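Let us start with two forms of the same protein chain, each given on its own as structure tokens and named structure 1 and structure 2.
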Structure 1
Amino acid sequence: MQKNLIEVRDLVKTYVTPAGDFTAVKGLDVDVQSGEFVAIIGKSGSGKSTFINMLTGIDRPTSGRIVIDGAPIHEYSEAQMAAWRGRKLGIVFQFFQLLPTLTILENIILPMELNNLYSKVERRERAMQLLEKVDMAGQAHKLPAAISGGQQQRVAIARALANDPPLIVADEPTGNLDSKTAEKIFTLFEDLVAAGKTILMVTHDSDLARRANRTIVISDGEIVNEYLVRALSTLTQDQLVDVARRVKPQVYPRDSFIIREGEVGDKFYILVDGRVDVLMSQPGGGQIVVNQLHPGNYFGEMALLGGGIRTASVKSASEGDARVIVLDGKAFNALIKESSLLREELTNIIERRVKANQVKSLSSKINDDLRAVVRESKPKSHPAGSVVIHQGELGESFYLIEDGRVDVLIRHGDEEIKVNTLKSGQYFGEMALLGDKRRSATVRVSQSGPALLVELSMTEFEKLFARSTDFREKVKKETARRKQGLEKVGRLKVKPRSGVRK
């Protein structure tokens, strides 16, 4: 287990100005583990620099705690702070801030001198090594003004590393550089993380931010929930901040339904704490868990993008509360209208989820041996309303429903009665193959939509039937049940109800 290198608790900064008090940082809680690369993003004026400056001690908190590597720096005096900072913290600024009258080499040596670290000879050797690391050794004896901005920033990074601090803090280090140079500087930070440093970096560049391990978004002096950020990573910073303002948090105690299958739903949920189970009811009755979601996952999108009816239930898991943040349907629709990337992601995830749900439903229903056979066969789509088998005809195939519904109908005189509806995971056609030879009912695809069916030939069916005891037992039991059902309907038909019609 890695331990927290930084622990920030309820950190507040209020600036007292002639125009009145202004709270720029409103109670931040942040944990950063050793070795993490954290990007901090947010609109201009949101409080990013104020936060960073309190970590470095450039600014002091109005209230709250900051503990870095065990040191309670919020309690430190200026002198303690300076001594601590010199050894534990490397700082990189947007405008490099190299001392203009010192050479590149002297700029690197200075922090070692100020903190009285290393011998004189070592300082020089070390400075040269660091300059080599950032590819600037060739310019060691020049003044800062003689090199480019990107080069100055590389030198500033070498300077931040002078005393080998565990933590590097950088406030928009690429903000003053062209994108190609910014990329090089960013790569340098990635190398430092790979070498074991912990980095907090404020950046304007969302693309660069995405490459960090973690993104903290600050909006109006507050941190936007990190799981919300993760869930909606395709959004731009501005869109994200807008959404963050519109969502409402909600807690569901263990084992409670958040959404219910079959109900009308118009809310979108992002899970931020705990776990939820996604449940679907099965054709034969009962529910199965088709998915488990974790913080950073969202749900509720299917009904919003589809027919408005919940296709599954979502329930908080039994081990504890689930915390979600909720976006209402109107805001959700506005958002997907605005973000084609999110729209695309949702479309993909829905496709994946629908597929996974089908597979789960099938697996829970059908026998392993049948599943193995089915996997080899290609399902065929049958249009809504089309007849798959006709009552009275000779049976030659067995069908498994992968998706959609079919109605089972029997004829009585000139009337057709629906005796059953079969759904994904169920099969039909077995009766004729098991002896009666002629189809005892008509099976027609329901009007609600096409059905995806896997067809097995009589030979394939017979082979499976002979080979798998489990399959045989299941089919026999189900067939007996169905026969009983058919007979019951037949008996009903010759009694009063048919009389009513005539």
Structure 2
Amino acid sequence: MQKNLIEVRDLVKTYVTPAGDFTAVKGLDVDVQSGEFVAIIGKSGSGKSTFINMLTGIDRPTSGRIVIDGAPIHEYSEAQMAAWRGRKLGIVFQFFQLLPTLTILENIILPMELNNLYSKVERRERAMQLLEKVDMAGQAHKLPAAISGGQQQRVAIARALANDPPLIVADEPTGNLDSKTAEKIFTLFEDLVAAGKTILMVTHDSDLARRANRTIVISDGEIVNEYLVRALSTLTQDQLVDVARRVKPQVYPRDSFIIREGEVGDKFYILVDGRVDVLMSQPGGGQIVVNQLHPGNYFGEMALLGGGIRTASVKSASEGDARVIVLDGKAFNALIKESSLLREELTNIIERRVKANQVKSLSSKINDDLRAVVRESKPKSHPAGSVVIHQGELGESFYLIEDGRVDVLIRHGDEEIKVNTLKSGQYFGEMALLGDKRRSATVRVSQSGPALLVELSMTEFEKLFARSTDFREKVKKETARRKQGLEKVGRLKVKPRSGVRK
């Protein structure tokens, strides 16, 4: 398990002014692990700059603790702080702060000289290596005024790396750059994180913030719950803050139901602590766990966006309490109306959950011996547009769709008509195995992408069919429905040019 590079506890900063005391930071608790890329966002006056200034030692806390790489910097004197900062911290400013009378190379060498690190020759070699890393070695002997803003920012990043600090703090590093140059700077930060550096980046750009490992939103001196931010990452900063202000987490004791299958759904839930289990009822009685959710996940959206009835139950896990943020239907619908991105994300999540539940529910209806048959058959990827079975050929296999989509087509003369599209958790190929052995339709992988299919032989299918009553009844019912559909299409094709072409 990675250790925390930064541990902040109950951090408070109060300023004494002629108009009275003003508390800019109100009891912040933050942990940052080594190698994380953390974005910090907040409106002007939110307290984010005060927070960063205390992390870098520019400002001192009124109370609370700041421990960075084992150093309790909240206890350090100014001299101790300066020595620690020179060796353990790299800072990148919005306006570069390069010394105008020194060359680019000399700007990189200076931090090493001030902290008495490396020999004179090593300093020059290291400075050139860092300039090569940021693609600025060819400008080494120019003054800062002779290069562009984006180039100056790359030099500032190289300078921040001069003493090989474990932590880089970047204060609005792209705020003074055009979007193309900002993208290059952000990519450079991603490369540094991949190489093991820890980066805290203050930014006003929500799109860039979403690409970091984590986003910390600060509002009125307090941190908006990180799991709320993670769950609703498509919302704007203002929307996130508004939600955080209007709701407080509710605690559900271990093994207690939060929602029940079959009831009317009128709330949306975000898990912020603990774990919850998603359960579905089985025809023979009882429930099975079809999913487990963790902090930052949400649930309850299916009923609000669908038919209004809960399709599954959710309960807190047996090992501990669960804390959830609850939005009523009115608040949820307001968010959906305001954010098309959130609605699109929720729709995609619902589709994936339905697929997963279908697969889990189907496998639960098969006893242990029969499940083993399915597990031992490795899924095979079929490319987009490829034909899996041909209408009229002898059928010797049964297919389960693990991922992707397939189109079902029937042929009349020279014409093919798409009669169905099957998705993850569904199956095909059973009609020939239960009928005259001839395929009644062609099945082709949809053009949207490859499909991952589990193929069972006729013998394996017959084992499933013979030994599992649930599976047998499900297949019989679905086969009858599919036959009716094919017959209906056939009748429509009797009349020339009639029917709906797809």
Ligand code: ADP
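The structure presented is a predicted model; accordingly, all values stated were derived computationally and were not measured. Rigid core here is just the name for the largest C-alpha set that superposes within 1.5 Å across the two forms. Residue numbering: sequential along structure 1, first residue numbered 1.
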Between 1 and 2, where do we have the form predicted in complex with the ligand?
1
Just checking, between structure 1 and structure 2 and with the core aligned, does W84 shift 2 Å or more at the CA?
no
Once everything's superposed on the core, is F299 shifted 2 Å or more at the Cα between structure 1 and structure 2?
yes
Is G429 one of the residues whose C-alpha moves 2 Å or more between structure 1 and structure 2 after the core fit?
yes
Keeping the rigid core superposed, can you check how far the CA atom of N333 moves between structure 1 and structure 2, in angstrom?
3.0
